[in-house]
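Okay, so we've got a single protein chain in two different forms coming up as structure tokens, structure 1 first and structure 2 after it.
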Structure 1
């Protein structure tokens, strides 16, 4: 019995000396020190010995177990250290070398424009407000002095919401993707918090696609309602914005126009930045403006019927409203030189990283 234990110890020590990996070490541990390993099996034979022999053999067995366990621990330390050294050699890094800077993104050009436009109007007391981009027909048209079947609706190229060819309807008519942010005018008036100085920036949807139009675009809507508001305040706000956003070199013009929800109405134009107001570029006619001027947006005094739809007396309150496309406004800025609005959303990093 004693010779067998000594022989087992000798074999175990020899095996641990040859171990090179953690997997080999675990296999050796299970073979010699496991619950069903060779040492455990040898210890079972102690039961068959007499008392004196059992006492002597037990002492040797404990010494053998401690020796094998010590060899296991020493081998484990050696293998782990070796693996760490090998990994260190493979993953060596010279920290004195300059690092490779990760690609860092930035806000999209349109988002930058939205932030700047919001900030400009905030300086003169206009508070940012949000209104639905999917709305009732009532707020998009009827409350804005465009009754059902009115021909003025035709120009909006509206996307209606529905299922299986049926347009969804509800308590305030059909459901539409808003063709303009003007749907927020009556909603803002209905809040009853006067005076109103609102700027609403959101997505709009129209069935259009060209160098100047997108099916989805961003628009910012301004609304001011108070007692004794006149065209003078409208022109003052417009001049302030143009000087802050475009600079003093861009020419502007104010043209009489007609919108159903304003009276009187105006078109606000600004000289084209691509052709510098000439209408021509090196290869011919400017594709963006075609004549030197770009429509910045529409504006006018809020129509009395719109004020009534919001619950106000037009004999007591007046106001003005304006709505301009964010992308088009940003494209007209000096130094941008984008002649096709669709370029903004092609996700071409060669273009986007310039800004």
Structure 2
């Protein structure tokens, strides 16, 4: 019995000496000092001894227990101190070293342009509004004087939302990804808060992809509706915007055009900065423009049928609207010289970090 106890002690001390982690320590404690551990097992054998032998062996057993417990405590102190030292070494930080500057990004150039454009219109009282980018074709076409099946709709190369080949329909017709921000016109008029000075900037989608076309792009749509609004106000707002955004030397002109939802309709041109509106450069024709003018976008006086669709009496109210592409407008000003408009959205940092 005594030999067995001494043997157990020798073994336990050797095991504790080898312990390196808290997990190993716990396993060794359970093995030797646990309620069902080796020492507890050995103590059970005491019961079978006679009184003298029991007293003698009991004394030895208590000594062995104290020795193993002392070894456990010393090991625990050693392992805890070792773990702390290791953590300290790992977490050590030289605060005197120069820092690593995090890479700071910036807003995408389209977002910068949107902020600037809305700021310019805010100065003349145009309030930024938001209208759905997924909408019923009623707002994208029908309310804009383009009845169902009207061929004018074709120009908008529209994406329809569908489910397994079936075009989804709702309360007000088929569901489309808005091909222009003009869907906001009747939605804004329907609010019934007059006069209206709205600037609606949003994403538009068309089934187009080329060096000059993006399948997803942005437009900014202006709408002014009040009593006695005329083409003069349209021209004034256009002039104001062009001088603020492109510079005080740029001239503007309206060119007759056709849209179903404006009457009369115009294309708006601005004078070319390269040839200063002359169409000529030193050794010939200006390559950037057509005869001194660059096309910015469409506009016109809101068609009476559109005012009616929004619940207004066209004999009482008039208005103008315009809708221009953010990306094209921004590229025209900055002179960003890219041969493919899709470069804007390729997420190539070599391009984006330049702006």
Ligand code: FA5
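Positions refer to the first chain, counted from 1. Heads up, when I say rigid core I mean the largest set of C-alphas that superpose within 1.5 Å between the two forms. It should be emphasised that the depicted structure is a prediction, and the values quoted were computed from it without experimental measurement.
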query	finding
Of structures 1 and 2, the one that is the form predicted alone	1
Core-aligned C-alpha movement of residue 28 between the two structures, 2 Å or more	yes
Per-residue C-alpha change between the two structures, residue 37, threshold 2 Å, rigid core fit	yes
Did residue 232 shift 2 Å or more between the two structures, C-alpha, core superposed	no
C-alpha positional change at residue 270 between the two structures - rigid core reference, Å	3.1
Shift in Å of the residue 75 Cα between the two structures [rigid core superposition]	9.7
